[in-house]
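A single chain comes next, written as structure tokens; it is the form predicted on its own.
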Amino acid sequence: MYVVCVGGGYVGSVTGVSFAALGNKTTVIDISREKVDLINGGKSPIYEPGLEYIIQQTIGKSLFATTEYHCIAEAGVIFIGVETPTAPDGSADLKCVKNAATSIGENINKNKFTLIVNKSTVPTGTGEVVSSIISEVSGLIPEKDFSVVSNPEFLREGSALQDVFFPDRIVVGANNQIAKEIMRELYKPLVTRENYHKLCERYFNFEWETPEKLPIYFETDVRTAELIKYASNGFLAVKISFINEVAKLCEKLGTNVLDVAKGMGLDSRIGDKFLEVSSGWQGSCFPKDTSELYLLSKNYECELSIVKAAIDANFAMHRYVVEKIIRFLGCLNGKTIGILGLTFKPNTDDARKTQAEFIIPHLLSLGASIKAFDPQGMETFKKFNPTLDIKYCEKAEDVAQRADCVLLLTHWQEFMNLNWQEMVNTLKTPYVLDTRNFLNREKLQELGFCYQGLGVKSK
């Protein structure tokens, strides 16, 4: 099957490379010459473990990249995986989706049935918008000459390839029987895991734990599929905000949020995932998806007040982290804070809308100086926050030099193994605030640190 993915960013590149690895001739289209040249040169346009290796194994064989839309005419399946940022009013900005639909309409093959797949996270009804644009531009009849389906992505940054090849579920929203049959055929290797042994030997230079259960292939209508992605992320955001608020209560009561979360997670109805305390959820998905879901509910006079509460609680958690530093250090004017981690999670270079983007300006406004380090996210953070007065360090240990506090925001594994002895010797105040309860508290305290976590006793 010939697959085209419009968009060479996170969703488009991962989707395109994965279908190429599964043996489909696949072309990634992006307007950015830089991204296209990277892919054609065997480089990944994003930081995602394992992605570059698969690109190197497939490029020029089953994988291709271009800035031109002419290949659309050959494609049987066209994925739209472009960005859908949040507009100033909180809604989804569909400009890139509409532009992609227009280009598809201009280049679509009028002599055969073509399937267009919305992979980007889009509001309910977007499938009809895309279908209308393609029909208007091409003169083709929807559901007769082409069909638009919804196939939302459920990719975790840092684990995206594992989520593609070993997903929990695959959701397909289609209103056309031919479209359903094409999607079933396209996803058959993932649903049945046919020839997975050869696939893993050929492309994966790292080991994954293969789940025993096969993924659930779930079909519904287009509109429902579009809402499933928003509802899923909205629920997960609520779950994180809940445990973060419980962490604050634990500090008041002198109890341990780690044990509370573990005890809750033992209930099969609740589960232990997304019960990890943090300085708040952020990143490129949760903030935009919760904002857009809440606005959608308000526009239809069916306000999802629990989603609004999760959003409010999340910003309160960002502020709470700053308040903890103030309670320990007092006035922050003239103080230096060393930041470990600028990405919203480990194993990604995505530093869009992160905890650091909120917390650092707050600290700067109180007169603090900031030194920061992240293994992968510093360039991205600079790009999205060019006006912030931050000293970016060459190595993680440097954030401690003459600092009054080390603040861990992202739980990169390498932070566990830093030279903490060197750091405690160079700090003005041996204080570390671990917002992920990640570091070895006993070891740091033995070295002379005053250690604080969130929702746990400092001892």
Ligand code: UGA
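Numbers for residues come from their place in the sequence shown, where the first is 1. These numbers were taken from a predicted model, which means no experiment stands behind them.
From this point on, the text means the form predicted together with the named molecule, which you will not see here.
Enquirer: Among 174 to 182, 281 to 289, 138 to 146, 303 to 311, which stretch has residues whose heavy atoms lie within 4.5 Å of the named molecule in the model of the complex?
Expert: Comparing against the named molecule in the model of the complex, the contact stretch is 281 to 289.
Enquirer: Here the chain is shown alone; which of Lys345, Lys324, Lys371, Lys335 has a heavy atom within 4.5 Å of the named molecule in the model of the complex?
Expert: After the contact test, the surviving option is Lys345.
Enquirer: From the list Leu155, Ile72, Val122, Cys250, which entry has a heavy atom within 4.5 Å of the named molecule in the model of the complex?
Expert: Checking each option against the named molecule in the model of the complex, the one that comes within 4.5 Å is Leu155.
Enquirer: When the contact criterion is heavy atoms within 4.5 Å, does Asp221 count as touching the named molecule in the model of the complex?
Expert: Answer no; every heavy atom of Asp221 is more than 4.5 Å from the named molecule in the model of the complex.
Enquirer: Classify Val257 as contacting or not contacting the named molecule in the model of the complex by the rule of any non-hydrogen atom within 4.5 angstroms, answering yes or no.
Expert: Contact with the named molecule, no.
Enquirer: Please determine whether Leu161 contacts the named molecule in the model of the complex, using a 4.5 Å cut-off between heavy atoms.
Expert: Leu161: no contact with the named molecule in the model of the complex.
Enquirer: Classify Ser150 as contacting or not contacting the named molecule in the model of the complex by the rule of any non-hydrogen atom within 4.5 angstroms, answering yes or no.
Expert: Taking the distances in the model of the complex, the answer for Ser150 is no, it never comes within 4.5 Å of the named molecule.
Enquirer: Within 4.5 Å of the named molecule in the model of the complex, counting any non-hydrogen atom, which residues from 347 to 361 show up?
Expert: Going through 347 to 361 in order - heavy atoms within 4.5 Å of the named molecule in the model of the complex - there is one hit, Gln355.
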